[in-house]
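The chain below stands alone and is given in structure tokens; this is the form predicted alone.
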Amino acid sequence: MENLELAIQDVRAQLPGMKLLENEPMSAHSSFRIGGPARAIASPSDITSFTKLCDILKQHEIAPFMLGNGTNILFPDEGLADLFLVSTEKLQRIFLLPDGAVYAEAGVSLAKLAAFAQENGLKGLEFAGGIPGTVGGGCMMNAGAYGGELKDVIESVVYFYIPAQSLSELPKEECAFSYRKSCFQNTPGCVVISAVFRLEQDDPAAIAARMQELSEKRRSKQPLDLPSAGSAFRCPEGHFAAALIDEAGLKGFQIGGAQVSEKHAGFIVNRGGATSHEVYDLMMHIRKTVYEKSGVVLEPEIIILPPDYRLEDHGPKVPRNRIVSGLSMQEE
């Protein structure tokens, strides 16, 4: 804790223009609208200030937790008194490169990225228009929807490696993209800074029509009117998580203010006043019931904080977080 307080002091002294919030309620930074105060959240305005901030934190042996839009994280009601978060919200540059590719920084929302591509007559990102994450988090987990994934259109990714304080660029072929995974998730201390997207020319009106079609499909099938963190579980190989949950009779099942959506069983929604413990307990009940009914183990897609590993009798243990080896991963 002493290191954290000294780090906060140094950040204020050495980076006086940086937005730094202390004891900030995480409910204001989470699509679940759940979470108590975090000790500090810093928002660098550009890549230079980002690297300077990481250097200060490294000097104090502080491992930051990277925060994008908070669209797939469950923060604890008790808060995070010993955590320093770094938000990519201000890394917002997006432009066309001379060769026609799209460059976008980590804080750019996937909706903004898709809209930019459409306006410039570039197809391939229509599926991303309704994903509520950012470029940074999307690259970390290879975000996708409706048959499309970011790996299909990414050309390269620039990342910052905190232990070495170094910036590097990886071509798509070396990013080890797979279903909701990338090499960045498996390498503690990696933070996605930006990405280059290679798209194809098409009529802007035709692209807009496809985006509108997908948007209408989302609105008709997903509970967009209630706070959630998107899909609660990854789809197991050969199965759909929502179908397994529905077949287990859990659609509409509720613990406190947390409910399995009546509209889409793959979503857990906050019906009002849900606590992080209620959401977690509901996730564990879903996991246990689905395992008992089908023998399939569901793995959480939501990032659950803080550390609190619990052994379960219905499959592998489920981590309450994904902070690994003392260094954190960038999440939505």
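Quick note: we count residues from 1 along the sequence shown, nothing fancier. Model, not experiment: these values are computed from the prediction.
The same protein has a further form, the form predicted together with a small molecule, not shown here; the description that follows concerns it.
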{"query": "Residue stretch of 252-260, 234-242, 136-144, 205-213 approaching the small molecule in the predicted complex, non-hydrogen atom distance within 4.5 Å", "finding": "136-144"}
{"query": "70, 132 and 218 each touching the small molecule in the predicted complex (heavy atom, 4.5 Å)", "finding": "yes"}
{"query": "Contact of residue 97 with the small molecule in the predicted complex (heavy atom, 4.5 Å)", "finding": "no"}
{"query": "Heavy atom of residue 106 within 4.5 Å of the small molecule in the predicted complex", "finding": "yes"}
{"query": "4.5 Å heavy atom contact, residue 31 to the small molecule in the predicted complex", "finding": "yes"}
{"query": "Close approach of residue 180 to the small molecule in the predicted complex, 4.5 Å, heavy atom", "finding": "yes"}
{"query": "66, 56, 47, 282 - the one with a heavy atom within 4.5 Å of the small molecule in the predicted complex", "finding": "66"}
{"query": "The small molecule: the contacting residue among 118, 222, 156, 92 in the predicted complex [heavy atom, 4.5 Å]", "finding": "222"}
